[in-house]
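Presented as structure tokens, the chain that follows is alone, the form predicted alone.
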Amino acid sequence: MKAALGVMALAAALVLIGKAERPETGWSFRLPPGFPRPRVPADNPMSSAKVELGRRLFYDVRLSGNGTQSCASCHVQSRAFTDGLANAVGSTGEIHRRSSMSLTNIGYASHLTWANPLVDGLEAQALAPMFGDAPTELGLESAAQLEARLAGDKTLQGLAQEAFGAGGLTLDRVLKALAAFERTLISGRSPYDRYVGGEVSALSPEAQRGLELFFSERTECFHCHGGFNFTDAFGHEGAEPERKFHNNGLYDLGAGAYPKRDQGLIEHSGRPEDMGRFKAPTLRNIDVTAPYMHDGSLATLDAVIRHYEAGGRGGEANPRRDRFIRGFILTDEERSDLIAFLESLTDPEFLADPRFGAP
């Protein structure tokens, strides 16, 4: 690991300790009906200037070592902030072992990667893509490199002063601004949401039948993809975060084993029972986030549903699969209905909202 990791540790400490910031005033998340307020750290209150600063940084290629990529390179708004690739590609061309996760409603996530339970804060999470080398994502060398690049940008420095006060645009402030912007990426105005709000015509008859299938004990989908955000890995203001991981039977190389390239939660816990356990991502905007699974190995929603119909690879013989992965039988019409429901979770307003786009 390179020397930049020392900078990461220092920056993480800054995030945890924090400096006295200006109080949160006049900020509204503009939440959809029924949505709770996202958790906001006491040392990083929301403000319009901070969110705008974070938006500009999110799209700024100066956040990569060679100046070729920004956060938005792997998190494209029209794809619900994914990139359409089975495996993400870093600024140096390195192909990653995992796909880029959607940032839809990321402010509600209880943990922020596919299988690391320790990464649970947006401020600290950004350190890994910025400075990490396993894999290399943005590939920055040091905080000094980043701060020097941004020092002469009058627009960014002005926003930093408005958001944080005197002191310039430091790494700590970059992390906080990015996190503030990401907390605004809230999606909750899909046809499904309108239907739940009383607009019965918002869902087609097919999608309504699919909704019933989704929330039935027959398919068991809702156990891992329930709640307002269609995931069981969530948290919000006033509620204790839920941190769950699941083995959905995606691989069975004998006794439920996963490929050595990526074995999930076991890499952090060391516990054999955690082999193949990954976070259940939100299903909001799932229609635009293909390919699916942590490694992008399933190309379509039809393939995903057929995987669960089969009870995962190995079926009942797979000893590690989650207890809700039991298999079921659908007719072609029912499978089409279930896909229609999943498509109804797409929020076109979110995918094109200029508040979240490039400046």
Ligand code: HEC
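So that there is no doubt, residue numbering starts at 1 and follows the sequence shown. Being a predicted model, the structure only gives us computed values, none of them experimental.
There is another form of this protein, the form predicted together with ligand HEC, and it is not shown here; the text below is about that form.
Among the residues 146, 80, 169, 126, the one placing a heavy atom within 4.5 Å of ligand HEC in the model of the complex is 126. The contact with ligand HEC in the model of the complex, taken as any heavy atom within 4.5 Å, belongs to 224 out of 207, 224, 156, 265. By the 4.5 Å heavy atom rule, the three marked residues 31, 46 and 189 all fail to count as contacting ligand HEC in the model of the complex. Ligand HEC is not shown here, and in the model of the complex it never comes within 4.5 Å of any heavy atom of residue 228. Ligand HEC in the model of the complex comes within 4.5 Å of a heavy atom belonging to residue 122.
Interface residue remark: residue 90 is counted as part of the site for ligand HEC in the model of the complex, having a heavy atom within 4.5 Å.
Proximity of residue 283 to ligand HEC in the model of the complex: non-hydrogen atoms within 4.5 Å are present.
Just one listed stretch, out of 148-156, 234-242, 175-183, 192-200, contacts ligand HEC in the model of the complex at the 4.5 Å heavy atom level, and that stretch is 175-183. Contact annotation for 86-107: residues with any non-hydrogen atom within 4.5 angstroms of ligand HEC in the model of the complex are 88, 89, 90, 96, 98, 99, 100, 101, 102, 103, 106, listed in sequence order.
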